[in-house]
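One chain comes next, on its own, written as structure tokens: the form predicted alone.
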């Protein structure tokens, strides 16, 4: 486990991908534009010495992913969030089946989420049931700006979408993760607008809506929605790496989120492999609000708050018993492979590398 100021911090990275953007898999120019845009985000918010080449970024594979997540004990568990983009990529960009390569090999370490797209109609409902039967889903990742034929997106508050949310409630899939953040070329910015979360969250109070990327660049809109909807949460992927080159901006974002949502409804996510938790966890854990921000927002980004954000809040949503996991991880396959026994033995864990 990660250690900060002498205390163990159990880290659940709530936003992971195992993608394939190789040239052989691209069937539409949008696929190349998409991965190039991803790579621009990667280089803009990654320390220069930690940046990948574009070729290794296209497809890094399961072994590299394991090393990045667990090799220095920065992450204890992860949640896969699929992004299909089948109009751009022949075998899909990052499907539930692709993510299952690791999730099924290390079920104690990973949570595998599914997806739905209401434009798929009855076939889509059947596919959601199939995913649930196969993987016992606890959540779905939704990509409302995905292109499908002539359609360049869909709305979470549409009648068609509500049929799928009803199916999620029926199946016990409680955690809904809509991407509501920065656009990626060539997708449309407005198709990621956070506004459609409002009615969906009101209409399905039994579901949890974890808004990925906290609505950026529409942070104010997201905060006002989340303030009135207690089942709306914020996923910090994309916001988190701003702590690298834009620490004051990161503090401003965290101040707004803590003021409006509080510390119990925010989840850390690296968006791997956009950014790598093997350095990002350390950056976020060492981030601080300025004195001016503390005074303005009346909040603290202290250790107890960070422990909730880095793992405890995700554990609450996904019924993860952290203490039981600590005990299990003293001798699981990942611990054996990476020599992590000391990290989980007793009350003192070694710190992750800088």
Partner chain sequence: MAVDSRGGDGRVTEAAVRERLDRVTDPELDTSIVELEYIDEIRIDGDEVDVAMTLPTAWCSPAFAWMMTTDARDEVEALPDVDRARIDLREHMHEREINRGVNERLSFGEAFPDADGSVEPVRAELDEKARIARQHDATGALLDAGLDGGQIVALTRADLDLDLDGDDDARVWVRDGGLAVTVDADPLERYLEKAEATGLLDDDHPELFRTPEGEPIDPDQFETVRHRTRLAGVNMSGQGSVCDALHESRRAEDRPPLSMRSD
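All values reported here derive from a predicted model rather than from experimental measurement. Residue numbers count along the first chain shown, from 1.
Beyond what is shown, the protein has a form predicted together with the partner chain; the following relates to that form.
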Problem set entry | Non-hydrogen atom within 4.5 Å of the partner chain in the predicted complex for each of 40, 189 and 296 | yes
Exercise. Can any non-hydrogen atom of residue 29 be found within 4.5 angstroms of the partner chain in the predicted complex?
Worked result: yes
For this session: Decide whether residue 155 counts as a contact residue for the partner chain in the predicted complex under a heavy atom distance cut-off of 4.5 Å.
Result: no
Exercise. Just to confirm, residue 86 within 4.5 Å of the partner chain in the predicted complex by heavy atoms?
Worked result: no
Exercise. Does residue 218 reach the partner chain in the predicted complex, with heavy atoms at most 4.5 Å apart?
Worked result: yes
Seminar exercise, completed: the partner chain in the predicted complex has a heavy atom of only one listed residue within 4.5 Å, and of 110, 93, 260, 279 that residue is 260
Problem set entry | Listed residue (167, 119, 185, 134) with a non-hydrogen atom within 4.5 angstroms of the partner chain in the predicted complex | 185
For this session: Report the stretch among 172 to 180, 241 to 249, 279 to 287, 204 to 212 that approaches the partner chain in the predicted complex to within 4.5 Å, counting heavy atoms only.
Result: 241 to 249
Seminar exercise, completed: Contacts from 55 to 86 to the partner chain in the predicted complex (any heavy atom within 4.5 Å), listed N to C, are none
